[in-house]
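In the block that follows, a single chain appears as structure tokens, in the form predicted alone.
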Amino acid sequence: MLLGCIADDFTGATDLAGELARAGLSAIQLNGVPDDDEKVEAADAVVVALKSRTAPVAEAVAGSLAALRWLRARDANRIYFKVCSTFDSTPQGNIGPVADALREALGDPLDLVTPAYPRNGRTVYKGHLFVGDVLLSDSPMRTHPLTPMTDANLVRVLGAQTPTRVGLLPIETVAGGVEAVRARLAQLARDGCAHVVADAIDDAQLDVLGDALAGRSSGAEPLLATGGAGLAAGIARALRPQAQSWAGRRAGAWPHGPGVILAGSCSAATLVQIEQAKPRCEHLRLDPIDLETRGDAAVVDAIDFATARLGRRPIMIYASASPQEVARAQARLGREHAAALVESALRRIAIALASAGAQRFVIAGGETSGAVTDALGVRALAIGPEIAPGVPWTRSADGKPIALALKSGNFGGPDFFTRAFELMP
């Protein structure tokens, strides 16, 4: 295994696996930590997808260490901790605590960190994360319902989550090439830095970082890096000459049964995508307050609405709402309880629709994707064609006739939902 990856949510995992495949490595995604005796087909890169981004810190650390043990038992010494390209976290974690735990378990290698992902408009300059041409703190992520990002300075953000020292690899050093990067990383390690945030504003700079990291490890000694899919792709391109063509990879047939869109994300991009899709879908909105007030009846009504229309046009069930509506629901129900109500409802709806014959699911939102994938019992995913940067179609690799497109809330253009079904293999 050239690269073992641990992703902190399911959409991030498919984003990563798709980029690794695009960079020339064979990749497979596993949803949750496999059992020790579970058969997993060989691949250059294996991505273990967790639901740890907003989990309690101790739970996130324990799950990540379990994934690390599984990967290490299969000779993965290059470890990539995949986080969101908007660095979703809080002052308590979970990026810092998980990265610290992985470092300690690996023998404390220096952790290079960057969420830069230019293909999706994420760049890092002077340690500050930009979304398009605005600072992260001025983007819609400022009002994220679970992980509001009000500071764009990643050295400061990560520094609040770890007792260790966080350094910066500035753009001038990255522009100086591979040897300049290696020399600076060595100096920062001598200075006591445990994590180093790296600037990058284009793919060429991510390739420099990838070359520097791949060159630091022959695979015999541990290597740790943390970031979005962009840095992982840079590492993958550096490792591509070592990639193997796995003859055993399943070709498989893609299911073409009824299509369903389930959206829990409240990102600005998802809200636009929902409005664009409405004229071409049967659609129904879930309201957390209604789910609390009417309980089971509200979920049953949604299932009845969807199953009665299944097969005519794509069905879209969404809980996405404006920041004002989200704030209103959270004020009445509490942040965690409102999210749990939506997640539970979408799990039940997904199970019911799959039982009724739905085979193609487009899911928006990391938490929603994890909940639905788990509910459908899909443990392994084969990577298919890209719908939008960071979002490929995937197919169950464990025998279930299910195709999934797991979309981070902020990813994709305005027509993403309808385009997804048009690009179905």
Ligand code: ADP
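In this text, the rigid core denotes the largest set of C-alpha atoms whose superposition between the two forms falls within 1.5 Å. The numbering used is simple: start at 1 and walk along the sequence shown. In this text, all values refer to a predicted model and were calculated from it rather than measured experimentally.
In what follows, reference is made to the form predicted together with ligand ADP, a form of this protein that is not presented.
- None of the heavy atoms of residue 89 is located within 4.5 Å of ligand ADP in the predicted bound form.
- Using a 4.5 Å cutoff between non-hydrogen atoms, residue 409 counts as a contact of ligand ADP in the predicted bound form.
- Among heavy atoms of residue 320, some come within 4.5 Å of ligand ADP in the predicted bound form.
- The shortest heavy atom separation between residue 205 and ligand ADP in the predicted bound form exceeds 4.5 Å.
- Contact annotation: of the candidates 282, 343, 151, 100, the single residue with a non-hydrogen atom within 4.5 angstroms of ligand ADP in the predicted bound form is 343.
- This chain is displayed alone, yet in the predicted bound form one of 83, 238, 185, 339 has a heavy atom within 4.5 Å of ligand ADP; that residue is 339.
- With the partner left out here, ligand ADP still marks one of 41-49, 392-400, 54-62, 361-369 in the predicted bound form; by a 4.5 Å heavy atom cut-off that stretch is 361-369.
- For the candidate spot formed by 115, 131 and 230, no residue has a non-hydrogen atom within 4.5 angstroms of ligand ADP in the predicted bound form.
- Heavy atoms closer than or equal to 4.5 Å to ligand ADP in the predicted bound form belong, across 256-283, to the residues 264, 265, 266, 267, ordered by sequence position.
- When the rigid core is held fixed, the Cα atom of residue 408 travels 2 angstroms or more between this form and the one not shown.
- Once the rigid core is used as the reference frame, the Cα position of residue 317 differs between this form and the one not shown by 2 Å or more.
- With the core held fixed, residue 342 shows a CA shift of 2 Å or greater between this form and the one not shown.
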